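A single chain comes next, written as structure tokens; it is the form predicted alone.
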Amino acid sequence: MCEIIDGRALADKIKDKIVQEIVKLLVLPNDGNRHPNLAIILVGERPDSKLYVARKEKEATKCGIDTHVYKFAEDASEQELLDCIGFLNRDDLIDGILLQLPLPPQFNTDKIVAAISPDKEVDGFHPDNLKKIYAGEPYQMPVLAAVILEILTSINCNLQNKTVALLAHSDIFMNGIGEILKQCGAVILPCHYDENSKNNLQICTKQADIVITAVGKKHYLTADYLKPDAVVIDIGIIREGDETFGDVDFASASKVASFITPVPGGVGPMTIACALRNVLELYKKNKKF
């Protein structure tokens, strides 16, 4: 019997802890007794990106985090964006900077992310942070890694010697998240999503105890790709009109998996909650509570 992982309930627990901690911190003497502050950068008019930013603003406000949204036109220059990031890096009010992805194609995403101060970058994908992960030094937990670990902890899934299939187009996702899971004892399988080589992918994923997918292709992952009783974490988000879909064909996959995240209501709420928790951690670090 497959169990559905309730991402909204898990996210609410994280946000409740954020609220409690902020309330305690605001009682302590500090410079101005101010709330944590998050800057969100939005480029272009993608409906899904605008929706996600609005949700982040709403949830941040509920948690006691002040937000500042910087909006740029679709045809904005890379230099304009870099100038804004430079300004935010120097602004002592701002504790965290969150860049809404994806950016329009004219931007070099890696360059823009690297321009954010590693002391303020919320997602945890800054090159300096990734270097710390591989070096075994203390690092800021990347948001998606935090989401995955929270979900696995909630179902009492110990990663030691578990085989994991990580499917994504992003090397940052594959390498950074994969390294963290390896450090937790997991064995990362050499599975790679390839539209033209589905048989190879299927052979690989059917060996995995845990399948994590962030490909962005609607319902491509069916029961045929899964080992019986696999844990399935669907990070893929595909918007079609007012509807949201994931990478996983929930109807078929849920007949084989032991645990599965739905879309919507799974990873999405968790991503926002874990990002806000990172803002709180940056606030505490920068203000040296």
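Residue positions are given as counts along the sequence shown, with the first one as 1. These numbers were taken from a predicted model, which means no experiment stands behind them.
The same protein has a further form, the form predicted together with a small molecule, not shown here; the description that follows concerns it.
Residue-level contacts in the predicted complex: of Cys84, Ile133, Leu189, Leu99, one residue has a heavy atom within 4.5 Å of the small molecule, and it is Leu99.
The contact residue chosen from Tyr220, Phe250, Tyr52, Phe259 relative to the small molecule in the predicted complex is Tyr52, the criterion being a non-hydrogen atom within 4.5 angstroms. Put simply, Thr271 is close to the small molecule in the predicted complex: some heavy atom of it is within 4.5 Å.
Contact annotation for Asp209: none of its heavy atoms lies within 4.5 Å of the small molecule in the predicted complex. Contact check for Asp123: a non-hydrogen atom falls within 4.5 Å of the small molecule in the predicted complex. Only one of 100 to 108, 174 to 182, 148 to 156, 134 to 142 places residue heavy atoms within 4.5 angstroms of the small molecule in the predicted complex, namely 100 to 108.
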